[in-house]
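In the block that follows, a single chain appears as structure tokens, in the form predicted on its own.
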């Protein structure tokens, strides 16, 4: 088997030479002879050739992800949506059937129901929280089962191992969006999924200054995905790849601090429920959360996002949202800054109020992605926003 053209795990040795990896922006590289040119152009030999086919900064990031995930390899893309759409498109053909969870990121849902359908792929929906329903859907052949956990923005937790087992028994591949809980918070591949995708913009980037995506898994599944990336030109550029390498050494520290602060914030906001200013606080790390036992079994904590339902519905949520002083009013998550967003206006704005209620998304829902300001600062900000 030829050496993969994407990143694979590598042995860690002593740090020698420059401790910060060089940024190489060159779009092309000279070769010593015709045979090398032929082999690299044919994809038979890795190395520097032409940037669209891969480059050293990108492969270094991919190798870190592969090692971290416990995967054969990883393929990096220019965004999270490029990664998850590329993973599907690389393995699907006209006439194939794919099962996409109802509780999935809106961009993934739109790609499946608009673009895959346009190219003759049958897309059926299922609830990732209903294993019997999935089992029934798998009575008919499916190529892919696509899902996420914790679910955005409700933070419901899916039994990943059970979904993967059902899909495998039916001959379907699983594609899992692990953006909300990367390792060590959650090891999706260890739980049995075939491919895990991340918006690397979030925790892997960690500083709100890079747009990227990545897919990790087995070589035989990644090969077609890397080929799709080459053909479509969706490769991650050197500059964002270098920024991801810069962020990597602090990943575990950031995750630990953010997750600890999220738990303190969720516990503290329970007082606001008793006071009637909040209807509910959702956080899988809380002992009283409906999915706490499942989260305890398959996660290393409750994650770094807290969702609250503000009393008074959407008007109440808007008032509290507008009064935030330390938490930024912005989409995304995983950065050093804490961010708040209203799903009714952002991630699930395309749904009607009735559709959002069916999905368990109350109009008064506010999602808080916890950064590094400290739990006391965040708790104080939310409290003053609710009480002001």
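Residue numbers count along the first chain shown, from 1. Keep in mind it's a predicted model, so treat the numbers as computed, not measured.
One more form of this protein exists, namely the form predicted in complex with ligand PLP; it is left out here, but the text below deals with it.
Student: Which pick from 308, 305, 84, 241 sits with a heavy atom within 4.5 Å of ligand PLP in the model of the complex?
Tutor: Comparing distances to ligand PLP in the model of the complex, the residue within 4.5 Å is 84.
Student: Within 4.5 Å, heavy atoms only, which of 156, 277, 202, 91 is in contact with ligand PLP in the model of the complex?
Tutor: The option sitting close enough to the partner is 202.
Student: Would you point out which of 295-303, 194-202, 268-276, 248-256 contains residues with a non-hydrogen atom within 4.5 Å of ligand PLP in the model of the complex?
Tutor: The contacting stretch is 194-202.
Student: Taking heavy atoms and a 4.5 Å cut-off, does residue 320 contact ligand PLP in the model of the complex?
Tutor: Answer no; every heavy atom of residue 320 is more than 4.5 Å from ligand PLP in the model of the complex.
Student: Considering only heavy atoms, tell me if residue 80 and ligand PLP come within 4.5 Å of each other in the model of the complex.
Tutor: Result yes; residue 80 sits at the interface with ligand PLP in the model of the complex.
Student: Contact with ligand PLP in the model of the complex for residue 105, defined as at least one heavy atom pair within 4.5 Å: yes or no?
Tutor: Heavy-atom contact with ligand PLP at 4.5 Å: present for residue 105.
Student: With a 4.5 Å heavy atom cut-off, would you call residue 176 a contact of ligand PLP in the model of the complex?
Tutor: Residue-level check for residue 176: no, no contact with ligand PLP.
Student: Under the 4.5 Å heavy atom criterion, name the residues of 87-101 that approach ligand PLP in the model of the complex, in sequence order.
Tutor: Not one residue comes within 4.5 Å of the partner.
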